[in-house]
Each structure stands twice: as C-alpha cells, then as structure tokens.
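Single chain ahead, by itself, as structure tokens, in the form predicted alone.
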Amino acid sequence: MLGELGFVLLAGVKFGALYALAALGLVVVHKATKTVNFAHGAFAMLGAFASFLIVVKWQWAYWAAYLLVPPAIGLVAAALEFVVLRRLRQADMFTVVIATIFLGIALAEAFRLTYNTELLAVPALFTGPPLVVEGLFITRDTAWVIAGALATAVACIILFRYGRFGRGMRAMAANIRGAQLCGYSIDGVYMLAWFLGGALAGLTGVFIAPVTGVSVDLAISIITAGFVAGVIGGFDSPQGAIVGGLLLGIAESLAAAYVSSAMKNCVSFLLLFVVLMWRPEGLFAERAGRSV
C-alpha cells in the first residue's frame, strides 16, 4: 500500500512541477502587466512542437531543444506583445484578455493546420534502469522533469527577487509612475515580462512533450492547470505558483488513483472554487497593491 501511495505521490509531484513552471510564466506576466495571458498554453504547445521538430524531425541533440526552444518561444511572445498587445494597452482589461484568448486559439489552429494529426510522440530524454529510493522505482526521465522544472522555477524566483528585471517588475506592480521616475521603461519591462513568460511556457513544453506528446489539447490542459495553480498560490506570488502547482498535481494524482480517473479533470476546478470562496487572493498573496 505504501509503495502504491509513493508511486501516486511521485506522479503527482511530476505533473505538479510542470504545472508550477506553467503557473510561474503566467505569474511573471501578470506581476508586471496585470494581464492574465490566456495564450500561455498555446506558447507551451509551440514549445512542445518545436522540441518535436528538433528531436524527432531534424534529429538534433536533445540538449538543443532545452537551449533553443525557450528563447525562441520567448521571442514569439515578446513579438505578440509588441505588435498586438501594446496597441491595446490603453484599452480596458476585458479587451486585453479577449485578445490573449484569441491569440492562443490562432496559434493552436495554426498548429492544427500544419500537422493534421491527433498526437505527435517525442522520446524521453533519459533511458535505462530506474532509480530505486526506499523501494520506490523512479524513472530517470521522471527525476529529470521534477528536478529540472523545480530548479528552473527556483532560479526564476531568485532572479525576480534579486535581479534588476525583478525589481523593475515589482516597481511596476506597486506604482507605475514611481517606477518611471526611477528610470524603468514601461515598454521595456512589459516586453521582458512577456519574453520571460513565453520562455517559461516554451520550457514547459519541452519538459512535457515526452510525457503527454504534442497535440492541440496540450494548449488547453496547460493553461487550465497553470491558471488554477496560479489562483491557488496567488497570482502575484512566484513562490505561490510553485506551491499551487505541486498541490494541484498531487491532488489530481490522488483523485485519479483513489476515486476515479474522471475526478482528475474535476479536482482542479473543485480546488479553484474552494480557494476563490475561502481565500480569493490565493494562499500566498502579496499585500502590496498597485497604483497608477
């Protein structure tokens, strides 16, 4: 029984680490711009598709996907911010959110037209015998996904807390005019936020491609999980994104194993409703407000 529970929890942590990385990309954009980027799932899908091209289609070394895909998707996100969303900056928030939704749909449909197939398979990075820890068998790919995704998330939090870019984002979140007086450019901070958010989405796609494969459904599943994890942790808290992602992944895994597989799709929305009713600001909401 303990071995079964350990396997279930391990699967939950694996997906939770991926959810945390996806949620962190959403939080980065929201922290700087107060925009919920509903195209984030499509960016992750593009990252997964790009890893398929690099690893399977072109047969390059796997490390090239991890090095090339995140900045490439980051540039796509920054370009969309520059071309489309910057023109909508003075519009109401509803308009901006609708724009991100339809940008995501457009990217997903472009993928569907390019590859008219249900699923594209991507091989795992590591093969070989699993690791055995206290009687629990852990595949090397599972260990890599957990360690890699969580290490990236922690590195981003350190960058956000101590780097100049992070200071600029926090300044914009607290007081836009004050940030401008301190020498921060709204255009520069916004574009960097979208670049980093897109890069995190692309990296999420590279990590998740061997786990789930590449399909249009990936865009929906990533934005759903990332959004719920962000709400659970607090949409202004990078640390909360990690905790929210792990909680969501473990809850889904436990529900699928001990209730029914259908509950895996329901538990995220149940958690979302519970958090919104009990603590709508999230578990780790930051107190600082934003003024203009």
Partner chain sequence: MRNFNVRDVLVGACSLAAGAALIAGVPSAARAQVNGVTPTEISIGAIGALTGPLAFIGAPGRDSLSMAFDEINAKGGVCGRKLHLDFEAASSPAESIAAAKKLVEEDKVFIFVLASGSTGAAAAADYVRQVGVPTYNLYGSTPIIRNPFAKNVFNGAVVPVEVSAGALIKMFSDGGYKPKKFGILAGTYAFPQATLKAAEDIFKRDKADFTVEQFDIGARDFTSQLVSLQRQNVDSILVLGSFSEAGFAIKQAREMGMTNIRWVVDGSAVSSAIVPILGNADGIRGYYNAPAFPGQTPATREFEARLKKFLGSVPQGRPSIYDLIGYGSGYVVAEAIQATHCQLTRGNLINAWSHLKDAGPTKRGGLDVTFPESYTPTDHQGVYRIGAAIVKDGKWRVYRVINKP
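Positions refer to the first chain, counted from 1. Note that the structure is predicted; figures quoted are calculated from it, not measured.
Omitted from view is the form predicted in complex with its partner chain, to which the following refers.
> Should residue 161 be classed as touching its partner chain in the predicted bound form when contacts are defined as heavy atoms within 4.5 Å?
Residue 161: no, not in contact with its partner chain in the predicted bound form.
> Test of understanding: in the predicted bound form, would residue 185 fall inside 4.5 Å of its partner chain by heavy atoms?
Output for residue 185 is no: heavy atoms all beyond 4.5 Å of its partner chain.
> Taking its partner chain as it sits in the predicted bound form, is residue 11 in contact with it (heavy atom to heavy atom, 4.5 Å or less)?
Yes.
> With the partner left out here, check for me: in the predicted bound form, does some heavy atom of residue 237 sit within 4.5 Å of its partner chain?
Although its partner chain is absent here, residue 237 would stay clear of it in the predicted bound form, with no heavy atoms inside 4.5 Å.
> Identify which of 256, 53, 68, 243 has a heavy atom within 4.5 Å of its partner chain in the predicted bound form; exactly one of them does.
Contact check passes for 256.
> Within 4.5 angstroms, counting heavy atoms, which one of the listed stretches 185-193, 199-207, 150-158, 137-145 is next to its partner chain in the predicted bound form?
That would be stretch 137-145.
> Taking its partner chain in the predicted bound form, which residues of 108-138 have any heavy atom within 4.5 Å of it?
112, 116, 117, 118, 119, 120, 121, 137 sit within 4.5 Å of the partner.
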